[in-house]
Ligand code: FRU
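In C-alpha coordinates, the next block holds one chain alone, the form predicted on its own.
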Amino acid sequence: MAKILGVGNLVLDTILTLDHYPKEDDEVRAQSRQFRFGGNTANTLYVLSQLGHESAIASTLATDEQAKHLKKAIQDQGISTEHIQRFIKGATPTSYIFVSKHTGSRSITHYRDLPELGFEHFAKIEVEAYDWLHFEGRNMDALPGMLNIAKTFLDRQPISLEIEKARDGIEALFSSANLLLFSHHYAKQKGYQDAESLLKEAHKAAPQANLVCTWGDRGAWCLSASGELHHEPAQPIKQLVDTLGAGDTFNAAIIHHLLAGANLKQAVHQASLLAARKCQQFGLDNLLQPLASRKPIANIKHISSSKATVVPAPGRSHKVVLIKYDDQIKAYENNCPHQDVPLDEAYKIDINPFEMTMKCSVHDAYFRIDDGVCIEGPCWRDELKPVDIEIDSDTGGIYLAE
(Lines give C-alpha, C1' and ligand atoms only; values in the text may rest on other atoms or scores of the structure.)
Protein backbone atom coordinates (compact mmCIF):
# COMPACT_ATOMS: atom_id res chain seq x y z
CA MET A 1 0.00 0.00 0.00
CA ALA A 2 1.29 3.45 -0.94
CA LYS A 3 0.44 6.93 0.34
CA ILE A 4 -0.84 9.02 -2.56
CA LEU A 5 -1.62 12.75 -2.60
CA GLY A 6 -3.91 14.05 -5.32
CA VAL A 7 -4.15 17.76 -6.13
CA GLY A 8 -7.24 18.89 -8.01
CA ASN A 9 -10.87 19.84 -7.85
CA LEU A 10 -13.57 18.40 -5.64
CA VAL A 11 -17.01 18.65 -7.24
CA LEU A 12 -20.60 17.72 -6.45
CA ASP A 13 -21.96 15.69 -9.36
CA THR A 14 -25.70 15.78 -10.01
CA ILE A 15 -26.35 12.80 -12.30
CA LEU A 16 -29.60 12.43 -14.23
CA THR A 17 -30.12 9.16 -16.08
CA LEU A 18 -32.28 9.50 -19.19
CA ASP A 19 -33.60 7.04 -21.75
CA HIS A 20 -32.13 9.34 -24.40
CA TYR A 21 -30.83 12.88 -24.71
CA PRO A 22 -33.52 15.54 -25.08
CA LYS A 23 -33.71 17.66 -28.18
CA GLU A 24 -33.55 21.43 -27.90
CA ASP A 25 -36.67 22.86 -26.23
CA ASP A 26 -37.75 19.29 -25.35
CA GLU A 27 -39.04 18.03 -21.99
CA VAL A 28 -38.14 14.58 -20.69
CA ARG A 29 -38.36 12.70 -17.40
CA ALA A 30 -35.20 11.43 -15.75
CA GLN A 31 -35.29 7.81 -14.60
CA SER A 32 -33.04 8.50 -11.64
CA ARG A 33 -31.15 11.28 -9.91
CA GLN A 34 -27.98 10.78 -7.92
CA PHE A 35 -25.60 13.02 -6.03
CA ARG A 36 -21.95 11.95 -5.87
CA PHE A 37 -18.61 13.54 -5.28
CA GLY A 38 -16.71 14.08 -8.49
CA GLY A 39 -13.75 15.78 -10.10
CA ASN A 40 -10.97 13.98 -11.94
CA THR A 41 -8.57 13.76 -9.01
CA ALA A 42 -11.26 12.81 -6.50
CA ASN A 43 -12.44 9.97 -8.74
CA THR A 44 -8.88 8.77 -9.32
CA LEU A 45 -8.20 8.73 -5.58
CA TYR A 46 -11.40 6.78 -4.92
CA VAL A 47 -10.30 4.07 -7.35
CA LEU A 48 -6.81 4.05 -5.80
CA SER A 49 -8.42 3.59 -2.37
CA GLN A 50 -10.28 0.55 -3.69
CA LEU A 51 -6.96 -0.74 -5.01
CA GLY A 52 -5.59 -0.66 -1.47
CA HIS A 53 -3.77 2.67 -1.26
CA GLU A 54 -3.94 5.41 1.36
CA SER A 55 -5.25 8.45 -0.49
CA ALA A 56 -5.46 12.13 0.42
CA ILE A 57 -6.80 15.08 -1.56
CA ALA A 58 -5.56 18.67 -1.65
CA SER A 59 -8.47 20.74 -2.89
CA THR A 60 -10.86 23.53 -1.89
CA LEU A 61 -14.28 23.46 -0.26
CA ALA A 62 -16.92 26.08 0.32
CA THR A 63 -18.81 26.45 3.59
CA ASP A 64 -22.33 25.89 2.24
CA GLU A 65 -24.57 22.92 3.02
CA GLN A 66 -23.46 21.02 -0.10
CA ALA A 67 -19.83 21.24 1.04
CA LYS A 68 -20.64 19.42 4.27
CA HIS A 69 -22.17 16.50 2.39
CA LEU A 70 -19.35 16.54 -0.15
CA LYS A 71 -16.69 16.29 2.55
CA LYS A 72 -18.49 13.45 4.32
CA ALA A 73 -18.98 11.57 1.07
CA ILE A 74 -15.30 11.60 0.20
CA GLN A 75 -14.27 10.69 3.75
CA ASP A 76 -16.69 7.75 3.64
CA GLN A 77 -14.70 6.40 0.71
CA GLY A 78 -11.45 6.39 2.67
CA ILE A 79 -9.94 9.58 1.24
CA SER A 80 -8.28 11.93 3.73
CA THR A 81 -9.43 15.57 3.64
CA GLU A 82 -6.76 16.93 5.99
CA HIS A 83 -5.31 19.11 3.21
CA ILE A 84 -8.59 20.76 2.24
CA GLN A 85 -8.58 24.57 1.99
CA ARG A 86 -11.87 26.20 3.02
CA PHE A 87 -13.30 29.41 1.54
CA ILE A 88 -16.14 31.42 3.06
CA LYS A 89 -16.91 33.16 -0.22
CA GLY A 90 -18.09 31.08 -3.12
CA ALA A 91 -20.25 28.00 -3.59
CA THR A 92 -19.66 24.30 -4.00
CA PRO A 93 -18.62 23.53 -7.60
CA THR A 94 -21.25 21.43 -9.35
CA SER A 95 -21.30 19.33 -12.48
CA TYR A 96 -24.68 18.52 -14.02
CA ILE A 97 -24.35 15.23 -15.86
CA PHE A 98 -26.84 13.66 -18.26
CA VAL A 99 -26.30 9.94 -18.84
CA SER A 100 -28.04 8.25 -21.75
CA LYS A 101 -29.13 4.69 -20.98
CA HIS A 102 -29.45 4.13 -24.72
CA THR A 103 -25.78 4.78 -25.49
CA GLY A 104 -24.04 4.91 -22.08
CA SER A 105 -22.45 8.25 -23.02
CA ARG A 106 -22.72 11.44 -21.01
CA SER A 107 -22.93 15.21 -21.43
CA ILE A 108 -21.63 17.49 -18.70
CA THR A 109 -22.24 21.12 -17.75
CA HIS A 110 -19.95 22.62 -15.09
CA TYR A 111 -20.63 25.48 -12.69
CA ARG A 112 -17.78 26.88 -10.58
CA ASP A 113 -17.75 29.83 -8.19
CA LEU A 114 -14.92 28.87 -5.84
CA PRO A 115 -11.19 29.73 -5.83
CA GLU A 116 -8.63 27.09 -6.77
CA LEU A 117 -6.15 25.69 -4.24
CA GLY A 118 -3.71 28.38 -3.15
CA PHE A 119 0.06 28.02 -3.52
CA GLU A 120 0.63 29.07 0.12
CA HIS A 121 -1.76 26.39 1.36
CA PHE A 122 -0.06 23.68 -0.69
CA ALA A 123 3.37 24.82 0.48
CA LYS A 124 2.47 23.82 4.05
CA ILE A 125 1.87 20.17 3.09
CA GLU A 126 4.72 17.75 3.89
CA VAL A 127 4.77 16.27 0.40
CA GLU A 128 7.78 14.11 1.23
CA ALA A 129 5.49 11.97 3.43
CA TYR A 130 3.79 10.62 0.28
CA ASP A 131 4.90 7.91 -2.13
CA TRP A 132 3.26 9.46 -5.21
CA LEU A 133 1.90 12.92 -6.10
CA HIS A 134 -0.79 13.32 -8.76
CA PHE A 135 -1.78 16.71 -10.19
CA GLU A 136 -4.60 17.88 -12.41
CA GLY A 137 -3.26 20.07 -15.21
CA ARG A 138 -5.30 23.12 -14.24
CA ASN A 139 -5.02 26.02 -11.76
CA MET A 140 -2.23 27.52 -13.84
CA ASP A 141 -1.68 30.39 -11.40
CA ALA A 142 -0.46 28.03 -8.67
CA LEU A 143 0.44 24.79 -10.45
CA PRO A 144 3.96 25.79 -11.57
CA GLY A 145 4.92 26.70 -7.99
CA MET A 146 3.36 23.56 -6.57
CA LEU A 147 5.25 21.35 -9.01
CA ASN A 148 8.46 23.21 -8.19
CA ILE A 149 7.97 22.51 -4.47
CA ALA A 150 7.28 18.85 -5.22
CA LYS A 151 10.47 18.52 -7.29
CA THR A 152 12.47 20.31 -4.60
CA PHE A 153 11.37 18.17 -1.65
CA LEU A 154 10.94 14.79 -3.33
CA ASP A 155 13.98 12.64 -4.01
CA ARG A 156 12.44 9.40 -5.31
CA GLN A 157 8.66 9.78 -5.37
CA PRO A 158 7.08 9.96 -8.83
CA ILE A 159 4.90 12.87 -9.94
CA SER A 160 2.06 12.41 -12.44
CA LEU A 161 0.33 15.21 -14.32
CA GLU A 162 -3.02 14.79 -16.05
CA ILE A 163 -3.43 16.99 -19.12
CA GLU A 164 -7.10 16.89 -20.05
CA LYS A 165 -7.44 20.28 -21.75
CA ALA A 166 -5.20 22.82 -23.41
CA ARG A 167 -4.27 25.62 -21.01
CA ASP A 168 -1.86 28.50 -21.46
CA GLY A 169 1.59 27.50 -20.21
CA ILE A 170 0.81 23.84 -19.51
CA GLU A 171 3.50 22.59 -21.92
CA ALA A 172 6.22 24.33 -19.89
CA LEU A 173 5.37 21.98 -16.99
CA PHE A 174 5.89 18.71 -18.84
CA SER A 175 9.49 18.50 -17.65
CA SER A 176 8.32 18.54 -14.00
CA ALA A 177 6.57 15.16 -14.07
CA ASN A 178 7.54 11.51 -14.36
CA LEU A 179 4.21 10.49 -15.91
CA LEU A 180 2.13 12.60 -18.31
CA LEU A 181 -1.45 11.47 -18.92
CA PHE A 182 -2.98 13.07 -22.02
CA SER A 183 -6.58 12.99 -23.20
CA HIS A 184 -7.60 12.96 -26.84
CA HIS A 185 -9.44 16.22 -26.15
CA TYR A 186 -6.11 17.92 -25.48
CA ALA A 187 -4.55 16.31 -28.53
CA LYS A 188 -7.33 17.55 -30.82
CA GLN A 189 -7.23 21.03 -29.30
CA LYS A 190 -3.52 21.19 -30.13
CA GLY A 191 -4.13 20.04 -33.69
CA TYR A 192 -2.96 16.42 -33.45
CA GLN A 193 -4.90 13.84 -35.45
CA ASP A 194 -3.61 10.83 -33.52
CA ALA A 195 -2.02 9.94 -30.20
CA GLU A 196 1.27 8.77 -31.66
CA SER A 197 2.17 12.15 -33.14
CA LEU A 198 1.29 13.91 -29.87
CA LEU A 199 3.43 11.57 -27.78
CA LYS A 200 6.45 11.84 -30.08
CA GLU A 201 6.29 15.62 -29.91
CA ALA A 202 5.77 15.65 -26.13
CA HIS A 203 8.76 13.30 -25.73
CA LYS A 204 11.00 16.09 -27.04
CA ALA A 205 9.85 18.39 -24.22
CA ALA A 206 9.79 15.68 -21.54
CA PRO A 207 12.34 12.97 -22.36
CA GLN A 208 12.41 11.96 -18.67
CA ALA A 209 8.73 11.06 -18.53
CA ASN A 210 6.52 8.12 -19.41
CA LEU A 211 3.75 9.36 -21.71
CA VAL A 212 0.21 8.02 -22.17
CA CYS A 213 -2.67 9.20 -24.37
CA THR A 214 -6.14 7.65 -24.46
CA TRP A 215 -8.32 7.92 -27.56
CA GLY A 216 -11.75 6.48 -26.73
CA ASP A 217 -12.70 3.33 -28.62
CA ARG A 218 -9.41 3.50 -30.55
CA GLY A 219 -7.56 2.46 -27.41
CA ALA A 220 -4.52 4.00 -25.75
CA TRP A 221 -0.94 4.75 -26.77
CA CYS A 222 2.08 5.00 -24.51
CA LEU A 223 5.66 6.09 -25.06
CA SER A 224 8.19 5.18 -22.40
CA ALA A 225 11.06 7.42 -21.34
CA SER A 226 13.35 5.00 -23.15
CA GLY A 227 11.47 5.65 -26.39
CA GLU A 228 9.40 2.45 -26.69
CA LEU A 229 6.02 3.12 -28.34
CA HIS A 230 3.06 0.82 -27.70
CA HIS A 231 -0.60 0.78 -28.79
CA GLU A 232 -3.12 -0.88 -26.48
CA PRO A 233 -6.38 -1.67 -28.32
CA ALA A 234 -9.65 -0.84 -26.60
CA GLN A 235 -11.04 -3.73 -24.59
CA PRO A 236 -14.30 -5.31 -25.83
CA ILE A 237 -17.31 -4.20 -23.82
CA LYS A 238 -20.34 -6.46 -23.54
CA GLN A 239 -22.77 -3.64 -22.75
CA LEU A 240 -21.83 0.03 -22.49
CA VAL A 241 -23.58 1.39 -19.40
CA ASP A 242 -21.74 4.48 -18.12
CA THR A 243 -18.51 6.07 -19.34
CA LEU A 244 -18.39 8.73 -16.61
CA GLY A 245 -15.15 8.30 -14.67
CA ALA A 246 -13.60 5.79 -17.08
CA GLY A 247 -10.61 8.03 -17.74
CA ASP A 248 -10.09 8.62 -14.03
CA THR A 249 -10.24 4.85 -13.47
CA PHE A 250 -7.66 4.35 -16.22
CA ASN A 251 -5.29 6.87 -14.63
CA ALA A 252 -5.66 5.30 -11.19
CA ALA A 253 -4.87 1.84 -12.54
CA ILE A 254 -1.72 3.06 -14.29
CA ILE A 255 -0.45 4.65 -11.07
CA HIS A 256 -1.30 1.51 -9.11
CA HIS A 257 0.52 -0.88 -11.46
CA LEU A 258 3.57 1.36 -11.83
CA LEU A 259 3.80 1.49 -8.05
CA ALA A 260 3.62 -2.32 -8.05
CA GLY A 261 6.64 -2.53 -10.34
CA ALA A 262 5.00 -3.06 -13.72
CA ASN A 263 6.51 -1.49 -16.82
CA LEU A 264 4.53 1.14 -18.74
CA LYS A 265 3.18 -1.28 -21.34
CA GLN A 266 1.91 -3.67 -18.65
CA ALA A 267 0.38 -0.81 -16.65
CA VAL A 268 -1.51 0.52 -19.68
CA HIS A 269 -2.86 -2.96 -20.45
CA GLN A 270 -4.15 -3.43 -16.90
CA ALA A 271 -5.57 0.09 -16.89
CA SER A 272 -7.51 -0.63 -20.08
CA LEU A 273 -9.03 -3.72 -18.48
CA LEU A 274 -10.21 -1.82 -15.40
CA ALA A 275 -11.55 1.12 -17.45
CA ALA A 276 -13.57 -1.31 -19.58
CA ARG A 277 -14.89 -2.91 -16.41
CA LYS A 278 -15.99 0.50 -15.18
CA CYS A 279 -17.84 1.29 -18.45
CA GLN A 280 -20.08 -1.73 -17.83
CA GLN A 281 -21.48 -0.43 -14.53
CA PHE A 282 -22.94 2.74 -13.08
CA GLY A 283 -20.56 4.74 -10.93
CA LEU A 284 -17.25 3.77 -9.38
CA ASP A 285 -18.42 1.65 -6.44
CA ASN A 286 -17.20 -1.95 -6.12
CA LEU A 287 -14.94 -1.77 -9.16
CA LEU A 288 -13.03 -4.85 -8.07
CA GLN A 289 -16.13 -6.98 -7.60
CA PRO A 290 -17.46 -9.16 -10.42
CA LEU A 291 -20.40 -7.81 -12.41
CA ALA A 292 -23.73 -8.48 -10.75
CA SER A 293 -25.45 -11.63 -11.95
CA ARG A 294 -28.47 -11.09 -14.13
CA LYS A 295 -31.01 -12.55 -11.79
CA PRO A 296 -34.11 -10.50 -10.93
CA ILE A 297 -34.32 -9.22 -7.37
CA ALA A 298 -38.08 -8.73 -7.62
CA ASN A 299 -40.95 -8.38 -10.07
CA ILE A 300 -42.80 -5.18 -10.80
CA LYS A 301 -46.17 -6.81 -10.20
CA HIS A 302 -45.26 -7.26 -6.51
CA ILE A 303 -44.27 -3.60 -5.98
CA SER A 304 -46.90 -1.07 -4.91
CA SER A 305 -47.09 2.55 -3.77
CA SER A 306 -48.69 1.64 -0.45
CA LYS A 307 -45.83 -0.40 1.01
CA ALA A 308 -42.06 -0.64 0.77
CA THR A 309 -40.66 -3.96 -0.38
CA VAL A 310 -37.23 -4.91 0.97
CA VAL A 311 -35.28 -7.46 -1.07
CA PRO A 312 -31.74 -8.93 -0.97
CA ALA A 313 -29.22 -7.44 -3.39
CA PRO A 314 -26.44 -9.89 -4.34
CA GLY A 315 -23.04 -8.27 -4.36
CA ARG A 316 -24.12 -5.26 -2.28
CA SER A 317 -23.63 -4.59 1.42
CA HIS A 318 -27.27 -3.57 2.01
CA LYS A 319 -30.65 -4.85 0.93
CA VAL A 320 -32.73 -2.72 -1.43
CA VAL A 321 -35.99 -0.90 -0.72
CA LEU A 322 -38.39 -0.89 -3.69
CA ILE A 323 -41.54 1.23 -3.89
CA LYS A 324 -43.75 2.51 -6.70
CA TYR A 325 -43.88 6.27 -7.26
CA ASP A 326 -46.11 7.58 -10.07
CA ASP A 327 -45.12 5.42 -13.03
CA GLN A 328 -41.66 4.59 -11.73
CA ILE A 329 -40.07 2.10 -9.37
CA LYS A 330 -37.82 3.82 -6.84
CA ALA A 331 -34.93 1.85 -5.36
CA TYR A 332 -32.78 2.80 -2.36
CA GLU A 333 -30.27 1.09 -0.12
CA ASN A 334 -31.98 -0.18 3.02
CA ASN A 335 -29.71 1.93 5.21
CA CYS A 336 -30.68 5.00 7.24
CA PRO A 337 -27.92 7.67 7.05
CA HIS A 338 -28.57 8.66 10.69
CA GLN A 339 -26.90 5.67 12.33
CA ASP A 340 -26.32 3.24 9.44
CA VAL A 341 -29.11 0.86 10.37
CA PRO A 342 -31.76 -0.74 8.12
CA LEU A 343 -34.94 1.31 7.76
CA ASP A 344 -36.90 -1.75 8.89
CA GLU A 345 -34.60 -2.60 11.82
CA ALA A 346 -37.38 -2.29 14.45
CA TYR A 347 -40.48 -2.93 12.34
CA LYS A 348 -41.74 -2.42 8.82
CA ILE A 349 -41.18 0.82 6.93
CA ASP A 350 -44.23 3.04 7.33
CA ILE A 351 -45.54 4.77 4.21
CA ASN A 352 -47.49 8.03 4.30
CA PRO A 353 -49.47 8.05 1.02
CA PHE A 354 -50.46 11.71 1.43
CA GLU A 355 -46.99 13.11 2.13
CA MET A 356 -45.36 10.43 -0.05
CA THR A 357 -42.76 9.62 2.59
CA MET A 358 -41.09 6.55 4.11
CA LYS A 359 -40.27 6.44 7.82
CA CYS A 360 -37.26 4.77 9.39
CA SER A 361 -38.45 2.46 12.15
CA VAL A 362 -35.58 3.28 14.54
CA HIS A 363 -35.52 7.05 15.08
CA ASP A 364 -38.48 8.24 13.00
CA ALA A 365 -36.64 9.91 10.14
CA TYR A 366 -38.97 10.70 7.22
CA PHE A 367 -37.64 10.38 3.65
CA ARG A 368 -39.33 11.57 0.47
CA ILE A 369 -40.10 8.64 -1.80
CA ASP A 370 -39.38 10.78 -4.85
CA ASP A 371 -35.69 11.48 -4.17
CA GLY A 372 -34.81 9.87 -0.81
CA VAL A 373 -34.18 13.20 0.96
CA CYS A 374 -34.87 13.30 4.71
CA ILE A 375 -37.40 16.07 5.38
CA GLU A 376 -37.96 15.44 9.10
CA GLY A 377 -36.03 13.71 11.86
CA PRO A 378 -32.46 13.35 13.16
CA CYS A 379 -30.80 13.16 9.70
CA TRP A 380 -32.64 16.08 8.15
CA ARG A 381 -31.45 16.81 4.59
CA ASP A 382 -29.38 13.66 4.42
CA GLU A 383 -30.37 11.23 1.67
CA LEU A 384 -30.97 7.56 1.12
CA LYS A 385 -28.51 6.16 -1.41
CA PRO A 386 -30.29 5.34 -4.68
CA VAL A 387 -29.73 2.00 -6.38
CA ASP A 388 -29.63 1.71 -10.17
CA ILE A 389 -32.11 -0.87 -11.45
CA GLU A 390 -33.34 -2.11 -14.81
CA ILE A 391 -36.81 -3.45 -15.55
CA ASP A 392 -37.57 -6.04 -18.21
CA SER A 393 -40.62 -4.68 -20.04
CA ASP A 394 -41.67 -8.18 -21.14
CA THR A 395 -41.41 -10.08 -17.85
CA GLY A 396 -41.56 -7.28 -15.30
CA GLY A 397 -38.36 -8.52 -13.70
CA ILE A 398 -36.39 -5.94 -11.71
CA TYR A 399 -32.61 -6.26 -11.99
CA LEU A 400 -29.64 -4.58 -10.41
CA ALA A 401 -28.12 -2.53 -13.19
CA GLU A 402 -24.77 -3.78 -14.46
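One-based numbering along the sequence shown. Small disclaimer: the values here were computed from a predicted structure and weren't measured.
Same protein, other form: the form predicted in complex with this ligand, not shown, and the subject of what follows.
> Hey, in the predicted complex, does residue 137 get a heavy atom within 4.5 angstroms of this ligand?
Replying inline: Residue 137: no contact with this ligand in the predicted complex.
> Are any of the heavy atoms in residue 244 no more than 4.5 Å from a heavy atom of this ligand in the predicted complex?
Replying inline: Taking the distances in the predicted complex, the answer for residue 244 is yes, it comes within 4.5 Å of this ligand.
> Would residue 108 sit within 4.5 Å of this ligand in the predicted complex, counting heavy atoms only?
Replying inline: Judged by the heavy-atom cut-off of 4.5 Å, residue 108 is in contact with this ligand in the predicted complex.
> So in the predicted complex, does any heavy atom of residue 384 sit within 4.5 Å of this ligand?
Replying inline: Residue 384: no, not in contact with this ligand in the predicted complex.
> Tell me, which of 59, 334, 40, 55 has a heavy atom within 4.5 angstroms of this ligand in the predicted complex?
Replying inline: Comparing distances to this ligand in the predicted complex, the residue within 4.5 Å is 40.
> Among 297, 287, 97, 202, which has at least one heavy atom within 4.5 Å of this ligand in the predicted complex?
Replying inline: Selected option: 97.
> Tell me which of 335 to 343, 369 to 377, 31 to 39, 65 to 73 has residues with heavy atoms within 4.5 angstroms of this ligand in the predicted complex?
Replying inline: Comparing against this ligand in the predicted complex, the contact stretch is 31 to 39.
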